[in-house]
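Okay, so here's just one chain, in structure tokens, the form predicted alone.
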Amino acid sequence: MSTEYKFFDEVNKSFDRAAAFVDADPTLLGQVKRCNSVYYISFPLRRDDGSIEVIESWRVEHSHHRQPTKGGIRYAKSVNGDEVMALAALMTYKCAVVNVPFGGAKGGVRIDPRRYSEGELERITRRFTFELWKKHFIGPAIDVPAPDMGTGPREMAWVADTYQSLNAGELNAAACVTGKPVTQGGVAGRTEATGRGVVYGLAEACSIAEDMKPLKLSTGLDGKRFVVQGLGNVGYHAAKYMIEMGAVLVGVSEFKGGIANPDGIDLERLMAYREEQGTVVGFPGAAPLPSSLAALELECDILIPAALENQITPENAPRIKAKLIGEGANGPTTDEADQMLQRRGVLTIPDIYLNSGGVTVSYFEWLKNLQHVSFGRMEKRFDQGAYRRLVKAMESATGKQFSLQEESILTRGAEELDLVNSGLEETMAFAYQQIRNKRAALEDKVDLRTAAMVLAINKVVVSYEELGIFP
């Protein structure tokens, strides 16, 4: 019989382990661990066939040490209060680790979005937004949602439009939500940000020879064999950018099953096959796996769980063969399983760091909406002119004449996507070094997850103390 894991309890076990290394009043630490505000909402939906269904939903603001709070809205049949509280807590720690000035929040609507028409999903989204607005659980300076599992730019556009209609004349209304289409105030690169952040984080981790040596791995991602669990937005983009970095995809799983090929899987052909067949199972040239979870146990260098929480448990942890686990999902590893893997020498790059690409780029979008100008607009032409003058100076000094194509490449000014990706890469690299430094400061008594959590708790505690909020 499988064990049921309470997601929020698992998060708090990690918190408690890290809190032992934080010099703060225990009562204040208890406050940091708790959710500040939990809002349960139910409302009726008239389906397209005329029937009425009651929709259950939640919005949780875990910490108000920084405002606004920030976190996605998940549409899934499995959504419940415990899950949303856990995800909100992870958002607090995630933002703190990567130095994004938000408190943590999360939302969830208990539906299977595949069972609803576009019109029904729009009515659900707009009503949920109205309920949040009614109780002051949304606003550019209050609480800023974003996409999560089951939602995307379309739903975020509905959220923004509903909020703007309720707040006519509010100058910064577009900043009430992130993950919007670029045409509606979104930012270039947001859709792929979480998956790209996973790869930037793994690249930084794998660049350190000292950390790769115990794993008997070379530095860099080139040639690394990896498995991805989940082919949603995060899993697909993580796999895409891993392959671009020279890694080899050898296994994939999703909710309907999994496949493996030690010689490599063509990701784009696989996506086209899944679009046609509705599953990855049966993909030519790859062997089917007995279950979705079986992919976690494949031989590989890097395992990227990018699906749901509590996927790696004490039951399957002894069979995990990966040398490095990059947690693309929120909470994919239970606390006990994490300790088992650590004792075996498996290096885990924790979710509260590795999954933070989405909120980092959401921060950039929020800033863009508040500034009312796209990134790169002010300086792109100036930079191009400066680069062109440098090229002409090089031609004059060397006598070499660059071709028009070469000149175009050398003088290109940065566009919004370039700046967003640069900011994301810098964020991931800097945060990873902070985590490693914290682990070293604790004399390597802790793993990377605990070091990251210590960093996060310290930052939240400092914010509380600076605000003058004491137990």
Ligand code: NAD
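Since the model is a prediction, treat every value here as computed from it, not as a measurement. Don't overthink the numbering: it's just position in the shown sequence, from 1.
The same protein also exists as the form predicted in complex with the named molecule; that form is not shown, yet it is the one meant from here on.
Q: Just give me the single entry in K224, R74, K368, R196 that has a non-hydrogen atom within 4.5 angstroms of the named molecule in the predicted complex.
A: The option sitting close enough to the partner is R74.
Q: Which one of T348, T125, Q229, T334 is close to the named molecule in the predicted complex, taking close to mean a heavy atom within 4.5 Å?
A: So the residue touching the named molecule in the predicted complex, by this definition, is Q229.
Q: Mind telling me which stretch in 373-381, 386-394, 207-215, 230-238 gets its heavy atoms within 4.5 Å of the named molecule in the predicted complex?
A: Every other range fails; the passing one is 230-238.
Q: Mark A157 yes when one of its heavy atoms lies within 4.5 Å of a heavy atom of the named molecule in the predicted complex, and no otherwise.
A: Close contact is absent here: in the predicted complex, A157 is far from the named molecule, nothing within 4.5 Å, heavy atoms only.
Q: Closest heavy atom of G189 to the named molecule in the predicted complex, within 4.5 Å or not?
A: Result no; G189 lies far from the named molecule in the predicted complex.
Q: Looking in the predicted complex, any heavy atom of T162 within 4.5 Å of the named molecule?
A: Taking the distances in the predicted complex, the answer for T162 is no, it never comes within 4.5 Å of the named molecule.
Q: Just to confirm, A306 within 4.5 Å of the named molecule in the predicted complex by heavy atoms?
A: Because a heavy atom of A306 falls inside 4.5 Å of the named molecule in the predicted complex, the answer is yes.
Q: Do any residues of 243-257 have a non-hydrogen atom within 4.5 angstroms of the named molecule in the predicted complex? If so, which ones, in sequence order?
A: Contacting residues: S253, E254, F255.
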